[in-house]
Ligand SMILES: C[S@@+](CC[C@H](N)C(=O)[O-])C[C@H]1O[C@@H](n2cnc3c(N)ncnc32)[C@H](O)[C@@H]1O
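Only one chain is given next, in structure tokens, and it is the form predicted on its own.
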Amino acid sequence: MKTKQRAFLKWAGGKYRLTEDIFQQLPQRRCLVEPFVGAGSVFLNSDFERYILADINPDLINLFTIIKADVERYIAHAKALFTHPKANTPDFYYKKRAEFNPSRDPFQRAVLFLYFNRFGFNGLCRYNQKHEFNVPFGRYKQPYFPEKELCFFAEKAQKATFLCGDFEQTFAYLQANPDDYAVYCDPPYAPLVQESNFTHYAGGGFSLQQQEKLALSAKALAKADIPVLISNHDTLFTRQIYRGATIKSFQVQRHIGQTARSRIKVNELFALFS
């Protein structure tokens, strides 16, 4: 049995546990496209000839691009930061965060992004309205340096093209550069409890209008013989906007607190437009 590969980043909503299920649903094509790549667990556990991996977060795409270009240099600098005598202290963390926000140096931002991911609270990636990274210190005993995972990512990334943009920009790229594509979308999920305001923003600043626009765009790509698989919560709203797709519903364990009682199962779905 093939060993599954973990991403080098912690990432909320990652699909590490669902990769087999995703590829059972998604038709095999030569090029996998992920408009919401996140930490890349689906990419890392797939076998396509080529990849187009996109995300709206410029720090994430910058990090991936730098690792692809020279992972050995990146590891040397990142490891030096991780092993600094004061690396795992609040004062050092906040000093580095203060350096990161005004920085325009792509390499410095890439090294610090991984440091924040491993030393910050819950591996969160969060920015304020001024686009400043504002995740607090995490207080972990000994954060893990993912050297093996970085090397694997860098090797596989040689087959990938990285794009910084939203799903509409990614879909426009596909239309301008025809190929044998299969698309997997893992957007910020629609809320489990539907709000009356259709422009209400769910996680990641992704509105219900954008959820609907993504579904309409997926239908359009499917008509051009590009299959699109979307993950989301299984709700009346998502069932409505995914009308015409092949739906598979399943339950996923969620951890919403520190106790066993806080572990609940929620309904999710795959919607395949093909």
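Remember, it's a predicted structure, so these values are computed and weren't measured experimentally. When you see a residue number, it is the position in the sequence shown, counting from 1.
Another form exists, predicted together with this ligand; not displayed. Remarks below refer to it.
- Checked against this ligand in the model of the complex, the candidates L229, A39, A245, L32 yield a single residue with a heavy atom inside 4.5 Å, and that residue is A39.
- Though this ligand is absent from this view, in the model of the complex it lies within 4.5 Å of a heavy atom of just one residue from L208, L221, I241, I56, which is I56.
- Residue contact check for F23: none of its heavy atoms lie within 4.5 Å of this ligand in the model of the complex.
- Although the partner is absent here, F167 is a contact residue: one of its heavy atoms lies within 4.5 angstroms of this ligand in the model of the complex.
- Heavy atoms of P146 never reach within 4.5 Å of this ligand in the model of the complex, leaving it off the interface.
- This ligand is not drawn, but in the model of the complex it has no heavy atom within 4.5 Å of V252.
- Contact with this ligand in the model of the complex, defined as any heavy atom within 4.5 Å, is confined among 233-241, 65-73, 39-47, 23-31 to 39-47.
- Shown without its partner, the chain has D186, P187, P188 in segment 172-188 as residues with a non-hydrogen atom within 4.5 angstroms of this ligand in the model of the complex.
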